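Here's a solo chain for you in C-alpha cells, the form predicted on its own.
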C-alpha cells in the first residue's frame, strides 16, 4: 500500500506530464504547494521505488509502474466526480474537492460498481477523460478556444481548471461540456472573445479561453 502523499505526488507528476514532456521539481513543488526541497526528496523516494525517474536538467518522468498507478488514481477521482454529480446532485464546482478526499480509499469493487452504475462513462463532469481499467485514455481535444477561428461553431469539450470560482464563472456563461456555441469575434493581441451561447452574447478574456478546449462543430 502506498501512502496518500506518494499517490498525490504520482498523480501530480502525471497531470503535469499531460502538458509538458519535462516536469521539473520546481513545477512539482508549485503543483503540490510545497518547497522545492520537499519535492526533490519525494522525487528521490519515488525513484528508489522505481515509480519515477529524475535526470538532471531533464526533469521528472513516471516509469511504467508509476504511470499505471497514476492512471488508477485518476480513474478513481474522475469516476467519483461524475458519481457525485449524477447520483448525489453535487454541482460541477464542488465535486473535485470531495473526490480528492475519497479517491485514495475506495476498493476496486466499489470502483467497478460506480462504473457500472454510470454506464461505463468516458468523461468526468469537466470533460476530462476517464482512463479505462486497462489504462486506455478516451480521445480529447487539444485545441483551446483561445486558438479557435472566429465566425465558426464549436462544441465545448473540457475545462482545464479545477478552481471552484473558475468553474462557477464558466458555468454561469453556459459553457459546459457538449454545449454548442459560435465564436463571433476575437480581438487581436490576446484581446477578449465574443461568443453566442444559446442565443446570448457572452464576452470572455483570452486567459479564460485558453483553459477551455473545444471541437469544431461538424455542422458548421
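Numbering follows the first chain given and starts at 1. The structure displayed is predicted, hence computed values, not measured ones.
Missing here is the form predicted in complex with the DNA; even so, the following discussion is about that form.
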item: Touches the DNA in the predicted bound form: residue 61 (any heavy atom, 4.5 Å); value: no
item: Non-hydrogen atom contact residue 184 with the DNA in the predicted bound form at 4.5 angstroms; value: no
item: Residue 194 within 4.5 Å of the DNA in the predicted bound form, heavy atoms; value: no
item: Contact test in the predicted bound form: residue 17 vs the DNA, heavy atoms, 4.5 Å; value: no
item: Position in contact with the DNA when the complex is considered in the predicted bound form, options 155, 47, 36, 65, heavy atoms within 4.5 Å; value: 36
item: Heavy atom distance at most 4.5 Å to the DNA in the predicted bound form, all of 96, 141 and 163; value: no
item: Contact segment among 174-182, 22-30, 155-163, 65-73, judged by heavy atoms lying within 4.5 Å of the DNA in the predicted bound form; value: 22-30
item: Residues of 1-19 having any heavy atom within 4.5 Å of the DNA in the predicted bound form, listed in sequence order; value: 3, 5, 6, 9
